[in-house]
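Before any questions on binding or motion, here is one chain by itself as structure tokens, the form predicted alone.
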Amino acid sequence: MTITTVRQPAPLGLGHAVWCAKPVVGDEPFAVLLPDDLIMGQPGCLKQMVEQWNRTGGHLVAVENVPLSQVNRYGILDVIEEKGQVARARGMVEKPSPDQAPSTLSVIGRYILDPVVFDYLDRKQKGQGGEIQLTDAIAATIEQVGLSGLRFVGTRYDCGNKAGYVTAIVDAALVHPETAAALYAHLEALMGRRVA
């Protein structure tokens, strides 16, 4: 295996970070995995996405519904139709207010993208929050390649906050053969202390 790293010289947004990888990616479809989203599933989320991408092509994002009060934290799909686990979209809106959100179907940190996004990212146009947004690049190229959202099978943990991070660690430890028994015993002991 060969690992190539690319450094983003300044925090100019997720779109800019992806653009920095353009010389490595070239003219091929590619995946983007955001590390603050941990997804546990069998098969893994990215494998599910690759299988779906082989059927749909274009841009494919992992999605899940969020409460309307939380849409301002995510990119939100403007859905045309849904068939099973797949939602075909006409657009995306980055962090809309609840009254402006076209749905509650949020994009989470897994993408398979057509390299056409680089055509838009090359412009380095600033969007929401004064950053170069990946969402804007995807939205600007939908007419060329299409956009679908996959409702993956699995559990997503938002590790961008402390509670989500701890929950992810505990849930992962509870299913791991080397840590499950000890953690169950520890949790039972803690619960015994709370009851007493």
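Quick note: we count residues from 1 along the sequence shown, nothing fancier. Predicted, not measured: the structure shown is a model, and the values here were computed from it.
As for the form predicted together with a small molecule, it is not shown, yet the points below apply to it.
At the 4.5 Å threshold, heavy atoms of Leu34 reach the small molecule in the predicted complex. Among residues of the shown chain, Ile108 is one whose heavy atoms approach the small molecule to within 4.5 Å in the predicted complex. Not displayed here, the small molecule is approached by Gln133 to within 4.5 Å at the level of heavy atoms in the predicted complex.
The shortest heavy atom separation between Glu94 and the small molecule in the predicted complex is within 4.5 Å.
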